[in-house]
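What follows is one chain in structure tokens, specifically the form predicted alone.
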Amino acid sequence: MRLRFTRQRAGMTENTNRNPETQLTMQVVNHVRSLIEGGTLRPGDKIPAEREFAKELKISRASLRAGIGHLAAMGVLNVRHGVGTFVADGPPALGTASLALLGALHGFKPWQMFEARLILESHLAAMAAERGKEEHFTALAEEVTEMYATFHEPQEYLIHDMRFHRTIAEASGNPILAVLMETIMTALYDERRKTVERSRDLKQAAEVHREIYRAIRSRNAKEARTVMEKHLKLAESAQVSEMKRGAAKKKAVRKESTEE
């Protein structure tokens, strides 16, 4: 599959101007896009070393990692621990549906996002069980393994979480539903990475993802749908808790600064 990137649109411009962190992330995204479109990077190629890449972009390594994480979560880059980061062999188009609508999606409430996911992903899981190919099952197994290996590193874990759900969408065999899922996943990642550091149950989440994988691998559509619904309800509760902990922490900091 050819790597494709859309040019900057009004929706993207509005989003990148929202805050410096997002702007730096999009700087990395656009730079990688230019390297791929210019033929400097091709599917399977390893990207430059972190230090070298950050120096080239004149940004911090932390900002570079955020951008790489964004691209990895979107399926454009493939991060292999201890080996390096590579351009994925067959990622979806970047920007066609997701980034162009990201700004609008940011206005959605969390419960609305999860309601949409519950309706869409439960059916995608069932379809993946019925239509998935061996290559999809292998990819799902790899992402589950990586989740177990990174549940103590929330940002890394989140990348594999996103890739797991994207693979299910691809395995459904319906490209229209996969595009809809891509739109939701991009917006979800952009918001989730702000709270995931406060998560306390990533190991439990990895176990539920393994249950989903097993149901899909055994081609049990009913079980795949049921376990996916269970996962999304737990995920919604977890994110609400993370947001509450974040709000409580901010309140405590404000109180301390006032007392001083």
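Take the two forms, superpose them, and find the largest set of C-alpha atoms that agree within 1.5 Å; that set is the rigid core. Counting begins at 1, following the sequence as shown. Remember, it's a predicted structure, so these values are computed and weren't measured experimentally.
Same protein, other form: the form predicted in complex with the DNA, not shown, and the subject of what follows.
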{"property": "Position in contact with the DNA when the complex is considered in the model of the complex, options Ile36, Val208, Ala221, Ile59, heavy atoms within 4.5 Å", "result": "Ile59"}
{"property": "Heavy atom of each of Gly75, Arg166 and Val179 within 4.5 Å of the DNA in the model of the complex", "result": "no"}
{"property": "Candidate stretches 224-232, 45-53, 210-218, 190-198 - the one whose heavy atoms come within 4.5 Å of the DNA in the model of the complex", "result": "45-53"}
{"property": "The DNA contact at Ala238 in the model of the complex, heavy atom, 4.5 Å", "result": "no"}
{"property": "Touches the DNA in the model of the complex: Gly173 (any heavy atom, 4.5 Å)", "result": "no"}
{"property": "Proximity of Arg80 to the DNA in the model of the complex, heavy atoms at 4.5 Å", "result": "yes"}
{"property": "is_contact(Gly84, the DNA) in the model of the complex, heavy atom dist at most 4.5 Å", "result": "yes"}
{"property": "Members of 23-40 lying within 4.5 angstroms of the DNA, judged by heavy atom, in the model of the complex", "result": "Gln23, Leu24, Thr25"}
{"property": "After fitting the core, Ile47 CA displacement of 2 Å or more between the shown form and the other one", "result": "yes"}
{"property": "Residue shift check between the shown form and the other one, rigid core fit, His81 Cα at least 2 Å", "result": "yes"}
{"property": "Did Val28 shift 2 Å or more between the shown form and the other one, C-alpha, core superposed", "result": "yes"}
{"property": "Relative Cα spacing, Asn78 and Ile176, in the model of the complex - shift of 3 Å or more", "result": "closer"}
{"property": "Comparison of CA distance in the model of the complex with shown form for Val179, Asp45, at least 3 Å", "result": "closer"}
